[in-house]
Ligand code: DAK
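Below, in structure tokens: the form predicted alone, a single chain.
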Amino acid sequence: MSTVLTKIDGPVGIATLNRPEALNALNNELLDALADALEGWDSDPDVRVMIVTGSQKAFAAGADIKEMAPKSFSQMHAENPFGRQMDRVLRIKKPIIAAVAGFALGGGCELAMALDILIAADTAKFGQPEITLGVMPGLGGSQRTPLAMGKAKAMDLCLTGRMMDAAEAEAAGVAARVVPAEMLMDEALKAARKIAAQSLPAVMMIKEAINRAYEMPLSQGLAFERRAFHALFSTHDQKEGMAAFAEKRKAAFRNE
């Protein structure tokens, strides 16, 4: 049985985590398959947006503890399990939507936060419970949580291991929006199609610019944004988009 189910819906690639017996706990096989799928779509000109989702019970209920438990420090350091696949996911240039229902805990929460837009079902539960296992977050949980929600709430989640519901996640800035569980994929697809209808060069520039905001001082981020903005004036889509606006018609972007 494949640990990641994939399909293409028009311009949208959809990857569904598929380890139901383990509530989609992340293991190396699943993360390799996910990274392979996303990289394939990143190089496919017909796919412009991606969605990663799980089941109604769980987006991913953490990393596979049974796979990690026997490993030593030297093995973890040498093999970098999970981290090497996460690095591949972070290099994807096209936008990725996380459609999250049920549990998104530990590595599952970290994966969801690492993606570009997180749409949560009202049943979603988020948390970083690694402290209860005698360890700490290892896929960005101690770094992305304070960036998203501030030091106090990040400390609370990571040091107590408690869960927060979808409403708290939205208020904290983790989820972009919360929707009824039965509408999760409809809303994710609606957002994906709206993005896919835009100029792909501009979409990818925006993703890169926003990600750069977390990695450089404001002055450098503003300079990067300005250069990227100016660069888009070399594209067909900029000329078409502005002409369409002036002529009060819908733009026909060619993604070039």
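Quick note: we count residues from 1 along the sequence shown, nothing fancier. Predicted model only: the values in this text are computed from it and were never measured.
If you look for the form predicted together with the ligand, you will not find it shown, but the lines that follow are about it.
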property: Site status for the ligand placed as in the predicted bound form, C-alpha superposition, 2.4 Å backbone or C-beta test; result: open
property: Interface segment, criterion being heavy atoms within 4.5 Å of the ligand in the predicted bound form, picked from 145-153, 178-186, 112-120, 99-107; result: 99-107
property: Heavy atom distance at most 4.5 Å to the ligand in the predicted bound form, all of 25, 68 and 129; result: yes
property: Partner contact for residue 133 in the predicted bound form: the ligand, 4.5 angstroms, heavy atom; result: yes
property: Contact label in the predicted bound form: residue 192 to the ligand, heavy atom within 4.5 Å; result: no
property: Residue contact check: residue 139 to the ligand in the predicted bound form, 4.5 Å heavy atom; result: yes
property: Residue 62, heavy atom within 4.5 angstroms of the ligand in the predicted bound form; result: yes
